[in-house]
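One chain comes next, on its own, written as structure tokens: the form predicted on its own.
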């Protein structure tokens, strides 16, 4: 078992690659009452085209199939719904689908190993029939309709449609009513058998565990099965240019919401370092202690729901700013002016050091929660990043490098604006 230590936060991570190719990551938290486990699959909503084996034939699968499959994993041949069985044990169980991976999880203080039996059984034993797949279709159609009426989700999806020309980030994770109509038990089994393979999966466990003991418990419950043929993911040749500049829609909403986003060029570089620099920049320009935030808040132009995020994975990358305001255009203009100020004047050294310490403190604080540790570890695992890398790289973030990222990312030619306003 590989032992990875981080002297900065005095934490240890244990990692072992099983014979079948699956990675098991164990993060002990001595004295912690809560236990958390997350099982991730390197298959998300953007994985809609692939080539099997040495064939040159591209297989196109229906949009929304990763999410559909996640829904269907809980139903078992015995008639038991595994989510219900886990909840009956008193554990907080769930699953989710993102753009680039799918995850199954639970958190508890008691009955961890009883839950582990059910957990590892259902993820390894899919059961799809014509009847149960059809029954789920109606449920997912209702979910799609619900998100169609959700202003925050429409704000985000409109932003993605402005940023990307061809990339499947433009497509809703749940797909459309038309696309899910193409899904049946055969397509679900095809995806499961080819993507839900050990070498395409990982398990992260966080809590008061002895690494050797919990590893043996996992190994006992792993079903041995041969890997299928290799899969080559097919991605669209996405242009560097954005697809559109602005989109505005009207919905039933009490207060307008807005999103400003910048398309960030993907290139071979240290993404951890870039991520950290953008976190520092976001706090300097937009954080609650920033001049801009204080001004906008005191003038009543924004609420406390005002923030930013840097999203990236294998082949997409963007920085988003979002909030709510009765005067979204005015707030967006103020944001532009503040960014221009820093582009022209640079960053104050004292402010940079203060915000840098604040960001580090937030990182350490996050490392005290088992769910946050597990989810972040899994998310970054599929980006080829060890969570400890953020602590190791932190000292290398200089003001000069951060200013370089400022100029690279905040390009007006790569900026889009999405707004959802009240119906009049």
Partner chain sequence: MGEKQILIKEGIKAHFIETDLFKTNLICVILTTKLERDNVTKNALIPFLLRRGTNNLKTQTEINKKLEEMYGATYDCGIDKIGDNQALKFFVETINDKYTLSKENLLEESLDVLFDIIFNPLMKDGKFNEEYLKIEKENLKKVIESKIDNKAVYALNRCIENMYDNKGFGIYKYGYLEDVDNIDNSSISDSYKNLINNSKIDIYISGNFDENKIKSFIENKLSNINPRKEDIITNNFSTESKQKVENIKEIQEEMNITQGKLVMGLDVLNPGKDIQDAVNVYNAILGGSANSFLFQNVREKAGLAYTARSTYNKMKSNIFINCGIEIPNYEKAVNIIKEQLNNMKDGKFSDDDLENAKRFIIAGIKTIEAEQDTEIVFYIGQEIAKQKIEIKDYISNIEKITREDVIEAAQNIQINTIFFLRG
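Predicted, not measured: the structure shown is a model, and the values here were computed from it. Positions refer to the first chain, counted from 1.
The protein also exists as the form predicted together with the partner chain; that form is not presented, and the subsequent description refers to it.
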item	value
Answer option from 133, 253, 120, 335, heavy atom within 4.5 Å of the partner chain in the predicted bound form	253
Position in contact with the partner chain when the complex is considered in the predicted bound form, options 216, 190, 109, 176, heavy atoms within 4.5 Å	109
The partner chain contact at residue 393 in the predicted bound form, heavy atom, 4.5 Å	no
Partner contact for residue 308 in the predicted bound form: the partner chain, 4.5 angstroms, heavy atom	no
Partner contact for residue 346 in the predicted bound form: the partner chain, 4.5 angstroms, heavy atom	no
Interface membership of residue 365, the partner chain in the predicted bound form, 4.5 Å heavy atom rule	yes
Option from 281-289, 98-106, 163-171, 261-269 whose residues, in the predicted bound form, bring a heavy atom within 4.5 Å of the partner chain	281-289
Non-hydrogen atom within 4.5 angstroms of the partner chain in the predicted bound form for each of 34, 143 and 146	yes
Sequence-ordered residues of 88-106 touching the partner chain in the predicted bound form, heavy atom within 4.5 Å	88, 89, 90
CA-CA separation of residue 97 and residue 305, closer or farther in the predicted bound form than in the form shown [shift of 3 angstroms or more]	farther
